[in-house]
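To begin, one chain is listed below as structure tokens, in the form predicted alone.
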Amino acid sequence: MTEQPDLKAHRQGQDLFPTRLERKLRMFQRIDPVVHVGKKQRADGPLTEEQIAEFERNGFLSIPSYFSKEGMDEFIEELREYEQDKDLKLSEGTVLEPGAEEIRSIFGIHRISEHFDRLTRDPRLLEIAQQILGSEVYIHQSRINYKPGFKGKGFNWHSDFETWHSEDGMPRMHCFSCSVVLTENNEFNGPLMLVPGSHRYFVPTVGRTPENNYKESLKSQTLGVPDAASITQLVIEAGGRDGGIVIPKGPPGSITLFECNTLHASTENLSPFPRSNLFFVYNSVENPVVEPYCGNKPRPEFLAERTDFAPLMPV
């Protein structure tokens, strides 16, 4: 299906995942493990062996109602305050919907809110991160993604690692995202969509990254999007028309863990009901970012932690 590219020419600069190229390069199999602990250590954490195996096989794992709905109430209340905060809307870390005043994303949320910061260190999440990554961890990125009813736009197909590697300088696939559902996710309000097994391949994309690309890509991503043929091939391999795309659904408090290289997207929210998810990106302390591989200056720290790699301590 795919072939490993000749990486020798790239190893001088230690770039094992060439992307944003002038010519198309075929996708190739990942070279990093998905779960970074041995079989004996897998049992040392909240996830069962079956859950670990599912995460390793599919590249994601959904757990409905991991936190209680009541436990999410304080976060929902804070979320509503942010929606009315005019100063927050002017912050560079806040992205508005294209052509609208509604919030699309708030980045660096664990730096803004003590509540959200404490949640990153909740042992119920932190121990999962250590169980999967096999090391201590820090937060590479945190954000809230809003999707207001009728107006919330979608997110194009992409691998987070492709962007984090190219634009932030994340060297290896030793990282994953934890999505915490704040308002119910269902098939009607623009849910997250994932392609099972897509994390096993790295898909290089075409096109040089312009300076400050994030200012446009966070509103509407066109660069760093895999080609249609590669997406189609991965979806067919995952199950074709009957099972090639999975939509995690659940009430507030549900979580979805997805590996940094898992292909995902989301549709517009055409329902009357908003959809808001919180994302914490746990990266291994053994995998701190370096200079961006695209050759540009680093993105702002609200998008990618560059100075504080101290391990998170549980609260």
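Sequential numbering from 1, following the sequence displayed. Worth saying up front: this structure is predicted, and the values here are computed from it rather than measured.
Omitted here: the form predicted in complex with another copy of the chain. The next part is about that form.
- This chain appears without its partner; in the predicted bound form, the one residue of 75, 157, 146, 164 with a heavy atom within 4.5 Å of another copy of the chain is 157.
- Only one of 88, 245, 96, 223 lies close to another copy of the chain in the predicted bound form, with a heavy atom inside 4.5 Å, and it is 245.
- In the predicted bound form, another copy of the chain lies farther than 4.5 Å from every heavy atom of residue 58.
- Proximity of residue 216 to another copy of the chain in the predicted bound form: non-hydrogen atoms within 4.5 Å are absent; the residue sits far from the partner.
- Looking at residue 265, you'd find a heavy atom of it within 4.5 angstroms of another copy of the chain in the predicted bound form.
- Contact between residue 136 and another copy of the chain in the predicted bound form is not found at the 4.5 Å heavy atom cutoff.
- Partner contact region in the predicted bound form: 179-187, out of 112-120, 202-210, 165-173, 179-187, criterion any non-hydrogen atom within 4.5 Å of another copy of the chain.
- The partner is not shown here, and in the predicted bound form the stretch 84-109 never reaches within 4.5 angstroms of another copy of the chain through any heavy atom.
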